[in-house]
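Single chain ahead, written as structure tokens, the form predicted alone.
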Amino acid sequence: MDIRTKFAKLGTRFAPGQEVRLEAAAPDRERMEPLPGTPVDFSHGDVDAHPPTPGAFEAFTAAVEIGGAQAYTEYRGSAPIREALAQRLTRFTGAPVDAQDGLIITPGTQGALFLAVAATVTAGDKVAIVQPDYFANRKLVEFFEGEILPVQMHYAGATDSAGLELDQLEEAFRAGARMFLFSNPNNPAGVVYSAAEIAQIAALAARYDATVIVDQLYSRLRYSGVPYTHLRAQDIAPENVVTIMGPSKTESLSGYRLGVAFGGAEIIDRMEKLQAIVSLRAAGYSQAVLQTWFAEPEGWMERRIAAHQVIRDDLVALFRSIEGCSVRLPGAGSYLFPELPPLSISPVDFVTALREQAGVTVTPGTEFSPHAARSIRLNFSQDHAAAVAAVTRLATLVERYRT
């Protein structure tokens, strides 16, 4: 793959925050009557609508006061902070985390994902990837010239599972895939893998000696009655699992750019070597904010989840009131992935019209799967009233362009 092709595949047209760079391209100017209302960007969460973890800024400023000792940590992160995180993550996931050799602090979970894929995939490697799933998974594997073996997840028709086609996953392993990459809870659909699915993924990975990278960014933001099973606590070789988490979306701490990856020592060591070249370390002062992670005041997380659940329920009700629209109720996280009815314009043109005519920014479903052209993704971690009003405008635009 030549260098131009490699970077062309990394297109950022629909990346969060990039809409300001797009030229106006409304598909039907005769019907471009603007709908009044507060603009809402559903491509990412609103950290102003949901305040960050108490004490986060104070931890940051205290680190600034410390100065160089905090600014220039080990490449894999401050040893005392890693030790505290290892204990907390051990309790959370149900399996031991090695602070010294099995954990690295990264510049955001996106940074952790990049490092983990770079540490496990090289040209020609076959990689099993879920469809739909986080868009960067596909882009990173393609960038490192791996071969994608897709595994379908029929989330819409499932009720008590994610709907992963486990037979397809085994077929991918039989075809030579030695790495499986997925998010749980799933981004974009917000579904949680059942205990049976996670157990089967672990069994298949063990049978075929495959490495698994699991993005668990939203595993703390789970709604009432939704169980969660950690892959690393199953019957799978610890050295073959890398788990990625971080205090970003759920805790409204995205601006500090913090991620954590923990798992097999060999892979973590490779990740550190690459981080030493790419960024040296996660920002030293920001690392101190991790002291507040898993140490929130009593009841804080429960209140955060309850606030998101109210928004989730209201938006799901609105989407289900649109004739021909379907959406599964997310079990965790802050994403909705509704499928819209047939429209008179292309899905990408509708996304453009929605932004220009209604002030509502969403991400097209094709970013997450080629089979999801009629779907859109919304991060509903927003101001409640503004989010409801925005989806109401979206419903109006659906009627404007309905076939």
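If you're wondering where the values come from, they're calculated on a predicted model, not measured in any experiment. Throughout, we count residues from 1 along the sequence that is shown.
Omitted from view is the form predicted in complex with a further copy of the same chain, to which the following refers.
Within this chain, residue 373 is remote from the site of a further copy of the same chain in the predicted bound form, having no heavy atom within 4.5 Å. Interface residue remark: residue 52 is counted as part of the site for a further copy of the same chain in the predicted bound form, having a heavy atom within 4.5 Å. Contact between residue 66 and a further copy of the same chain in the predicted bound form is found at the 4.5 Å heavy atom cutoff. Within this chain, residue 248 lines the site of a further copy of the same chain in the predicted bound form, having a heavy atom no more than 4.5 Å away. Partner proximity in the predicted bound form, defined as non-hydrogen atoms within 4.5 angstroms of a further copy of the same chain, places exactly one of 150-158, 116-124, 298-306, 230-238 at the interface: 116-124.
This chain is drawn without a further copy of the same chain; in the predicted bound form, the residue among 317, 195, 310, 276 with a heavy atom within 4.5 Å of it is 276. This chain is drawn without a further copy of the same chain; in the predicted bound form, the residue among 223, 144, 294, 208 with a heavy atom within 4.5 Å of it is 144. Contacts between 149-170 and a further copy of the same chain, taken as any heavy atom within 4.5 Å in the predicted bound form, involve no residue at all.
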